[in-house]
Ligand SMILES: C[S@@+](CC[C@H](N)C(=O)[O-])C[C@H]1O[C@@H](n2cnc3c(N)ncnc32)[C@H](O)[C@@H]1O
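Here we start with a single chain on its own, the form predicted on its own, put down as structure tokens.
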């Protein structure tokens, strides 16, 4: 190693930056354990920032000509100066990373800014819309941007404050599902596994800083392609934390894999941070749905009459057909009673349905416990249902609620959780009576089917649009529930947000228990690979409005969140269908929630220090204070302003009035004080209530991003 150290010293003498980079890599290699997960830390991703204005000193790529489907110039250039030739802005560029740099002039319109991984970033946010139906509830946040940079931005607003992170990252299947350095990673790429690990490691390290160290959890879903590598990576990053893996059945039919086993499941790694734990539940998530309903509460009684007086002739009015849909296991209709001398063979069964008669095990004709009219009423109210199927006898059982248990529902001893997809009541004993159990490590639920409750459900909110492989809404809801049932003010982060299922699940949890949980979603606006070529042929580029409208954030995530909250699609038509899980109500009802949409911006420290970037920094200050109530979007003319959760003091000569207003606003959490003078900052701080956090601008903001987070 001494020889290598000497070579690094010689490199440093010629090029200090190169020497520093080599020393970093050497230290990483020398500290790496021989046993464990060893992989190449590839050159970090460069991120193109279409739409970002070109400035002197920027790093840029030269774009291919409009209409071309070829890749652009892969070299990196630095903007030396920008001038105007007639009506055209032209940039003078110098090539980076070469001994003898080329210099050329290129139209600014043909350039795109590039952020290298090692570059410091100073983030801001621009609001691109909002939905407000939740009154004074906090806002859910959807951020369009490179997720690594957004995670860095969140270190200023949420360091150590996130209660749960749920992510569904690229599975690295070899398909065009993720990029590394602006190139799709193909299945034949020899380094695709180590590239994926390097990509994930950088993001998970920042995620660790965002989680509440005392009580939180991380959930990462994955399939068999990277499951083993991901498990080792999590153990290395989250040393000292407990880790488990849950297997979820997401497609009972199975996905064919040639001559291999048909895959029916996916996996979820859970990292328990601090005192993070799973809540006991009335459902263990393992047994079949029918058995699970019995686990919740076993009060359903067989409709078939037993014991004495149980034959047809004993009560002819209670011998009638019940028509069921065997696929849905649903009662469709109840027929009229048959005269005692009329054969049941005279009753025709509608196509696609099955007739259920009260037949005893020996084949004799029995009778039902309820009359036909009463059963119709029970079925309509969700108090009767199709039970188990006896293959040997080719018969179905029918169950119902007896009057004693209906009274227990009325007096609150039994809780109604909602209705299932057939309108049948979902019941649970009250907390004082119900037997709790821990969820198992294998989850098997019809409601977790990704086809029915992922892709098909999403079409209700985004008619005519497609999104590849969305998770079941109800699976994500259950995943969140086992950690957040007793945390009604939790903050949930998903930085691979995709279609927005995580926020949708948070809406549902809040509706069920009156919670005020808030979700932070992060997604980029990448256009699907198969659509990019078509758009390029139309002379479009990233950053063009007609290109960006097809990106995942604009085309899928935002419209889904808006439709879920408002109950209306982007075509202003009511969302069709009902939620049928733990509760039942029309999707068109929407939710009483607030959400705001943002795009990440990249600021300069000089502009920040001189208040030039305040409008774009303001959303970060508001988010840090809880994303609730009004926002101060510009420097107040009177030198200070106070809203529900935070205040800003720009003119320190007004500190007495400011502090007086802060004390009067009982819900205020943070006081931002704009000053370069630490003594004056401390003087104002001493006048503030102990419950208010003083934050110095812009020192706290700039110092947070002066460090190369996670690099």
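Numbering follows the first chain given and starts at 1. Bear in mind that the values here come from a model prediction, so they are computed numbers and not experimental data.
What comes next is about the form predicted in complex with the ligand, which is not displayed.
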| property | result |
| --- | --- |
| Interface residue in the model of the complex among 321, 619, 498, 123, criterion: non-hydrogen atom within 4.5 angstroms of the ligand | 498 |
| Heavy atom within 4.5 Å of the ligand in the model of the complex - residue from 300, 640, 483, 199 | 199 |
| Contact label in the model of the complex: residue 203 to the ligand, heavy atom within 4.5 Å | yes |
| Any non-hydrogen atom of residue 526 within 4.5 angstroms of the ligand in the model of the complex | yes |
| 4.5 angstroms heavy atom contact with the ligand in the model of the complex for residue 76 | no |
| Residue contact check: residue 276 to the ligand in the model of the complex, 4.5 Å heavy atom | no |
| Partner-proximal stretch of 483-491, 518-526, 414-422, 567-575 relative to the ligand in the model of the complex, 4.5 angstroms, heavy atom | 518-526 |
| Any residue of 117-152 that, in the model of the complex, places a heavy atom within 4.5 Å of the ligand | 145, 146, 147 |
